[in-house]
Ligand SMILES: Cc1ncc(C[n+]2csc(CCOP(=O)(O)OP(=O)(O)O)c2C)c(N)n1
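As structure tokens, one chain now follows by itself in the form predicted on its own.
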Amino acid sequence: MTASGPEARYRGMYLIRRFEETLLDMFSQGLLVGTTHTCIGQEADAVGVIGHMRPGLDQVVSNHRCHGHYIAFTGDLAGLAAEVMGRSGGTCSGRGGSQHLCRDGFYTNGVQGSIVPLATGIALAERERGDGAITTVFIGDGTLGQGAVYECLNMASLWRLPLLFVVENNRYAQTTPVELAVAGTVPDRARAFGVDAAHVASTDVEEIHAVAGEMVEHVRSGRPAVLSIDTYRLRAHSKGDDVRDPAEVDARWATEPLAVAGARLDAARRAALEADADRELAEALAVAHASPVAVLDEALA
């Protein structure tokens, strides 16, 4: 589901938001298998960056907070919903959950830092094929503490890999503030390896989309790049583990992605886009609920 205009990007963000709000409600009802981590407040990153990806050619590697990336890249609401519900119609037949997705060039893993070597290897394969494909890997500020990130930046620079590192800096690694964990700046860390970097301090999907477009073209030319985005997670790290000052979180709702992008739309048009997305989500959830529960042990099948 690559977004192609301001209205499409707003609708894409709204769809991700409503999907994840629904997941949290379903979790509280005991309808999900395993845990779930939402990207509520970070939707502009997924839509703004992935809008430049070419499904069927490019590869996207994500992490534990991956629903927005997956929906923006594949549009597969029903498969993702069924997966986190542990149903056979899920993306990975209900056996992987949201942290272990694999579909049509999209991959996730919940182990911090582990996805970066994976993405680097994929980018190397793409360079050898020479088909113009790129790999985009999404990490958070907490992952900057993993040495594998810097080993891969070094290799990507030396080997001129078509690899885009996107750092979603939501200011907290679970509960650790970024000020206590990350020295210097993300762009400067990249430049130390001779990797070009850009920084977007905005939750405006249009700003993110514009800068991401420049970085994607840079990577398609055969040079790795880092895009650092200042964002903010509006909900808990997982479901309820939130130690932040409530006043800090409340203040961020004024500049969250949907508020910023929605303010530019005509009210009637915005309502129509939201209603259309709500219908798509309802249809997808109906499909997911109708799917049989997965049999996790083949010996029991």
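Please read these numbers as outputs of a predicted model, since none were measured by experiment. Throughout, we count residues from 1 along the sequence that is shown.
There is another form of this protein, the form predicted in complex with the ligand, and it is not shown here; the text below is about that form.
- When the ligand is considered in the predicted complex, D141 lines it closely, a heavy atom lying within 4.5 Å.
- Of the heavy atoms in Q174, some are within 4.5 Å of the ligand in the predicted complex.
- In the predicted complex, V111 approaches the ligand with a heavy atom inside 4.5 Å.
- In the predicted complex, the ligand sits beyond 4.5 Å of every heavy atom of R270.
- Heavy atoms within 4.5 Å of the ligand in the predicted complex belong, among the stretches 103 to 111, 218 to 226, 123 to 131, 199 to 207, to residues of 103 to 111.
- Between the ligand and the residues T185, N154, S93, Q146, the one pair within 4.5 Å by heavy atoms in the predicted complex involves Q146.
- With contact defined as any non-hydrogen atom lying within 4.5 angstroms of the ligand in the predicted complex, the contacting residues in 63 to 81 are H64, R65, given in sequence order.
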